[in-house]
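Only one chain comes next, encoded as structure tokens, the form predicted alone.
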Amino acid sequence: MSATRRNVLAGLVLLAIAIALPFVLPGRYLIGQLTLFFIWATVVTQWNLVFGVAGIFSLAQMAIFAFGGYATAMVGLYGGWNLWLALPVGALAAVVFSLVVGLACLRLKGPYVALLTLAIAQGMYLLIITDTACFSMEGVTCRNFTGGTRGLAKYGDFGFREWLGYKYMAFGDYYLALGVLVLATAFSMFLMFGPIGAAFQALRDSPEYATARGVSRFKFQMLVFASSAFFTGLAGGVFAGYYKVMGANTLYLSPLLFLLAMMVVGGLGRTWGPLVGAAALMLADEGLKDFPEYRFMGIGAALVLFVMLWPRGIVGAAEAIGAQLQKRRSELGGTSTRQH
């Protein structure tokens, strides 16, 4: 069986399990945590395209996520749009923002890209929290354009409570976030296993050779920024609709490091690395929720350990073990044949 068919089969099995889970889980809390897992996994899946596959050391993914969420919320709040219509607008706004980031990073490489993209994210954060100008009045309360430190609210939601009732409203957000993750993962696999993915990897592993062979760094860098930004912005919009508030806390350094750790722990550049890493870190975070003083220390320790000891992540280590077992089976089969 080819690698592509194995990945598709594994994906279908996981999707069937995810579809059935809400009907067997004991409470809404676990459904909520899985919804958040789907959102973070979508972001990490797309970040893996930029960082792991294309080799661009961008730290702007959470800024793109926040931009998509804010754009969705603002269109809903100031334009009076239904959030279902605002959602693709927010995703497209995130694409435009990512193209600006991509253009800014075009002449830079390696750590300089990381520093610039981190500076862009922090600049966005400062612009939001220092927004104190009165944009509109809500009764006697002055509303800032970005919501400032209070964040944006009262822009609506996806209407699952009206459609499904209070008891099953969490199912709607769950399946919406799952649907976005499925589309994002399928899109990532399409790119990774196609000629575009090969071009990304060539630019990552040997940029001079790839350029000499006619692979345009400008074209493919802008393509990976834009394509990954669409689903990242879509995830930001789902996040905004799910929590019904969009704040600058999404641009804190801690969520950025949390998602970066997911990528590293799962396996950079691997097909299932982002999902495995997101699941592992979400479980670890849940286990440490009663020990907040050790939470980020534990995540940091995991990141350091994997970088130093298992740089290929969980999926990479599993692939190496599988290759070793396959090699031993082949050797044993060859020995047995010679004896006969």
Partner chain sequence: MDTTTQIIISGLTLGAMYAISTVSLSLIWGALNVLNMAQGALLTLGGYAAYTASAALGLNAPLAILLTVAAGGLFGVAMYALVVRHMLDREGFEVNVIIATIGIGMVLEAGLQKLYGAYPIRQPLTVEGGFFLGNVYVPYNSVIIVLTSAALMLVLAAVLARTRMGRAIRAISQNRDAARLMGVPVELVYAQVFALAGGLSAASGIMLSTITTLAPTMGYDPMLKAFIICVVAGLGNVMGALYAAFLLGLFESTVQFALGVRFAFISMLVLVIAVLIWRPYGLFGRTRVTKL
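Residue numbers count along the first chain shown, from 1. Here the structure is a predicted model, which means the values were calculated and not measured.
Keep in mind that the form predicted in complex with its partner chain is missing from the display, and what follows is about it.
With respect to its partner chain in the predicted bound form, the three residues Gln33, Gly159 and Ala186 uniformly fall beyond 4.5 angstroms at the level of their nearest heavy atom. Proximity of Ala177 to its partner chain in the predicted bound form: non-hydrogen atoms within 4.5 Å are absent; the residue sits far from the partner. Its partner chain is not shown here, but in the predicted bound form it comes within 4.5 Å of a heavy atom of Ile120.
Phe190 falls outside the set of residues with a heavy atom inside 4.5 Å of its partner chain in the predicted bound form. In the predicted bound form, at least one heavy atom of Leu116 sits within 4.5 Å of its partner chain. Annotated contact segment (heavy atom within 4.5 Å of its partner chain in the predicted bound form): 305 to 313, selected among 22 to 30, 36 to 44, 282 to 290, 305 to 313.
This chain is displayed alone, yet in the predicted bound form one of Tyr112, Phe135, Tyr209, Trp163 has a heavy atom within 4.5 Å of its partner chain; that residue is Tyr112.
Between the options Thr130, Asn82, Ser216, Thr141, the residue in contact with its partner chain in the predicted bound form by a heavy atom within 4.5 angstroms is Thr130.
Shown here without its partner chain, the chain has Glu293, Tyr294, Phe296, Met297, Ile299, Gly300, Ala301 in 281 to 302 lying with a heavy atom within 4.5 Å of that partner in the predicted bound form.
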